[in-house]
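Two separate entries follow, structure 1 and structure 2, each one form of the same protein chain as structure tokens.
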Structure 1
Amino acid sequence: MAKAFLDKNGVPYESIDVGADQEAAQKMVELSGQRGVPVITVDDEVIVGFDSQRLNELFGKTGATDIFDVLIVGAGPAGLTAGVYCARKMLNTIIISENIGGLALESWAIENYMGYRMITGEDLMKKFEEQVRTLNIRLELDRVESVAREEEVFAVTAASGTTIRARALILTQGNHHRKLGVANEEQFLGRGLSICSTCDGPLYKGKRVAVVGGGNAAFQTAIEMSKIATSVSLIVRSTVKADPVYVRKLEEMKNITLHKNTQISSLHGNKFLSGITIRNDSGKEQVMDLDGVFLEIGWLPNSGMVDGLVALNEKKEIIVDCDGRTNVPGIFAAGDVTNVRSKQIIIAAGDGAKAALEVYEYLMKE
């Protein structure tokens, strides 16, 4: 990668194979104080490893007027994977994101990412980030405010005021869950309050849980959890909006209690959630001891910045085909911001790879 970087930026260099040259190997260890390759010397400076940031500072050609091959919005599982695939194809790549890891950071016990029997979201995202850091990718922590088309390129303006141009875009800015709007909500997230029954459901075997929501997702989760947990309280803010098929299934389950016209008014517990208070429309309150609450009150895709530029579905998700193409040539998307129904880390990663390889093909044809 170091050689490829230098070649690409037209920097002449001498390459020494320390595997074959014992004397040079000795000298490298003395110079760098360690044994790993590559070691690059520039004038009096010794750079250990493929430090793409430092090499870019010294030799990079990324001025403000430059046009990147591809700009990736978001650095969750989809964006980071897309970045790795783009950089391996030697595309001049920039990622702009508010954080590194996205919503995956909120998962504290991932059992369904293939390759790891159990890993925290934070650890997994660190591994993703490390893979990105070994490649020549510019990663900017910034919030994208607007995306516009300018003839042959796309112009992305961030909160910091900078505008960056690229020949192709990969949109992976994810979604955010609707909030209950009660005190301590953030504190209990991942500590009894869950936003993903597919991820956390099996952890509640033999425990008491509540599910919040009145749509298909809430009913499905309640039915699913009724087979795992001892009891399920389904808390519906107003009236039931789920399909009749789910309502009938729910009625067959003996351990589900339905609370209509009811809201959670407070969350209880110390480190972990241990109970909730619910209040119905007539103001009557009830305290419930339980071990987990699953929120199924909806997700809001972070697609506002591209509304009007690419086609969105009725949920405001970006519509993609099975290869990650949007309706606009040059714009691709992956992960939770798209209309792909299941929102999972491995799905976002796979679709991020698809989008990157499609970008490569798109740019080759241009």
Structure 2
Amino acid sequence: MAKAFLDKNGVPYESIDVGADQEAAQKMVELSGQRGVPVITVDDEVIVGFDSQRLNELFGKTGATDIFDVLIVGAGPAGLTAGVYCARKMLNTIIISENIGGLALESWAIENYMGYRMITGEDLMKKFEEQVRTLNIRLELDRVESVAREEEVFAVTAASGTTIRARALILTQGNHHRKLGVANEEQFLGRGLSICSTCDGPLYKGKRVAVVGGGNAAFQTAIEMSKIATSVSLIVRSTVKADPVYVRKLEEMKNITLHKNTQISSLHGNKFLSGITIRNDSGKEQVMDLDGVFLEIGWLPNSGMVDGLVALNEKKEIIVDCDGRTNVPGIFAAGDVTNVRSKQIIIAAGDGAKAALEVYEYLMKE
């Protein structure tokens, strides 16, 4: 994401893969105080993570644009697919997203997307992006902060200060990671506590780690981290919800310990995380010395920007009908941010296509 932004804005840079270079990884930690990537240095400034707002301040371009036919918020499977279908209908289309690929980028291995026996989330999203970039679609890397209606159009304001207007919207901004809810969580985020195992996993080679969660994502992360780390503790708060195929794979791994009906009650460490305390349902506690913890405990919808504009359910998901229509004419939604029950890449992509076709029908009638 960072490199795509810099390439788009013509900014020369040097890229260092700290996952492959342990010496460079140590220098990065000393420089930033973080065990997470990316770390970007601009002159004497250190930027941790893909901070689209700061990068736009340094290198981006601001200012108003013409009115588009359709503006798509988000560039995950739903948003990118919607963009392809909008472009094929010759709609003047813009996609605004803080990243390209969304949470799908974090999948170690996808084995249920038609056409691929197995593919990583990163590689699949690269395929999506390559197709989008062959079409007449404007793609902006920015964070949407607010959405409002202005008479016959919708106005979307981004973190860079840009306001873009469109006749119709497709909301596909996905979800963000749920937090543990324990003391000192923010202190250790990026310093031993990670929400992206595919991003930060290589930095924990030969170390002791824990994975928190009981679903497919948690089991998959534990399995992949067992190939990197010396030991993996899988902490499942209640019952196992992962598919049997992942349960069987996990049972084959000799360096994974499963802790069921258990949750983290506290985090320990000074500058970096050095251990955790876990507590089971009977109240028994155990202190564990660890180097890192990866969270896979679910997601929350990124719907705050449209709260009060479109109808949301009790989970703050955008309510849509079977064709992706919201309760506001001209606003459509697709993917994990909606109340569609199954959160799968293939379903998000299909719903993105449906929303785009409905947008076309809406604009033709208008």
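Just so it is clear, the model here is predicted, and its values are computed rather than measured. Throughout, residue numbering runs from 1 along the sequence of structure 1. Take the two forms, find the largest set of C-alpha atoms that superpose within 1.5 Å, and that set is the rigid core.
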Q | Between structure 1 and structure 2, the form predicted together with another copy of the chain | A | 1
Q) residue 36: CA shift of at least 2 Å between the two structures after core fit? A) yes
Q) Does superposing the core leave residue 314 with a CA shift of 2 Å or more between the two structures? A) no
Q) When the two forms are laid on each other by their rigid core, does residue 193 show a Cα shift of 2 Å or more between the two structures? A) yes
(Q) Core-aligned, what does the C-alpha of residue 280 shift between the two structures, expressed in angstrom? (A) 5.2
Q.
Keeping the rigid core superposed, can you check how far the CA atom of residue 247 moves between the two structures, in angstrom?
A. 19.5
